[in-house]
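So this first bit is one chain, no partners, the form predicted on its own, shown in structure tokens.
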Amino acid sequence: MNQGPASQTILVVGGGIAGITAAVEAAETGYEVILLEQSPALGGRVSAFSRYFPKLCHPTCGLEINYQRIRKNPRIKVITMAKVESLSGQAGDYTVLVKTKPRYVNEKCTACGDCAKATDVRVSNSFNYGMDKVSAAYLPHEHAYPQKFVIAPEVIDTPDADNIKAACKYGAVDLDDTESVFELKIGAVIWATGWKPYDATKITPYSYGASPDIINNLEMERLAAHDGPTGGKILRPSNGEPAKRVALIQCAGSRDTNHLPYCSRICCLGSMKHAVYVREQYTDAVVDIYYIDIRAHDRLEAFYRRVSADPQVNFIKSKPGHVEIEEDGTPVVCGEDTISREVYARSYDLVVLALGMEPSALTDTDAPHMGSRDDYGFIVPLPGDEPGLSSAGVAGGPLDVSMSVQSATAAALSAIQAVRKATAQSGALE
């Protein structure tokens, strides 16, 4: 019986830090890799961070090195604005159907920016979580890979689209670009589909959406970022004034049977980082961190010690009951101190909800055959599962950046082993 040679190409689904790591690790061992990302650029959530903890360096430190590895490796093919529609088969012989959305910009783009100047239409900036707007012809962000503009679908078939096309002297604007569907033959698949923040509007007592001065932890990252909506200044969204009295509420929707029953591991550390952001900008600022338990795993305990040594950062053991909104829009955090039993109602310039991590794959119903999932939707392969499928990074559970990189390296090895085994079996059958 001759089944033909097994495919040795590895598909990585998701272009965040885990997907990028898995792709370069597999490719540098000699395997062909296709890296799919559904947004216009690689980098995922990490690319939108202001800084990493505990060293507080910019994400470009890690991402640019990996982008260079991708550029220099001909075995890696990157496809953005792409999503898996279906998958069937077995290790060494998967058939994957992929759908791509139109970018309306082709490979001739030099990222010169002339197209952006040709239109006055502004659209919501998804990279800044909708906190500002960008031109309808835009670069996803300053560190985007690939460095190619995108034309927003809102202007297609309008005079502005024609103006954008006319402004491009390289012929890079393709207004006839359409969705496409194509088939891939793959030997192994690594799901690096990442995470999304829990929906803060579901936590009704915390009044997210009722005041612009109540934001989530990802929005806080963009406020602190030099390329964010405020140029890196931590300001009250309501009036643009400095946010000098800040509340950070831990476990917002986490460790709660009504929302996410699990701990997302990194939220406490992320809020400590946010406290550092505020204190770096304002020497007279006061930051209150409301917590159930502080969880600073392994060596990151030192970061906790550093932050807690600041006399203007207060750790308050309490899970606030609710957030009220005063007549002028000022948020007031209300609850009871677990230790002192004090009942408090404290007003703040800014309230930041530390939302937990929810797996993106949880709602990805049109990408079946990902493998086994745990009770919370994370992709966790079990003994007896199809050996050609693995998960990397937060697709498999809450992890910080360094742990995601380690997980991705392990996933690359698992994919390589599955491909080698399928190849050996295919050869034995010939």
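Note that residue numbering follows the sequence shown and begins at 1. Just so it is clear, the model here is predicted, and its values are computed rather than measured.
Form predicted in complex with a small molecule: not shown, discussed below.
The contact with the small molecule in the predicted complex, taken as any heavy atom within 4.5 Å, belongs to Gly194 out of Pro320, Gly194, Gly253, Pro331. Interface residue among Ser135, Ser211, Asn128, Ser360, judged by heavy atoms within 4.5 Å of the small molecule in the predicted complex: Ser360. Of the candidate stretches 42 to 50, 23 to 31, 371 to 379, 65 to 73, only 42 to 50 has residues with heavy atoms within 4.5 Å of the small molecule in the predicted complex. Every residue in the set Glu37, Leu218 and Ile266 has a non-hydrogen atom no more than 4.5 Å from the small molecule in the predicted complex. At a distance threshold of 4.5 angstroms between non-hydrogen atoms, Ile10 is out of contact with the small molecule in the predicted complex.
The closest non-hydrogen atom of Ile151 lies beyond 4.5 Å of the small molecule in the predicted complex. In the predicted complex, no heavy atom of Glu386 sits within 4.5 Å of the small molecule. In the predicted complex, Ser390 stays away from the small molecule, with no heavy atom inside 4.5 Å.
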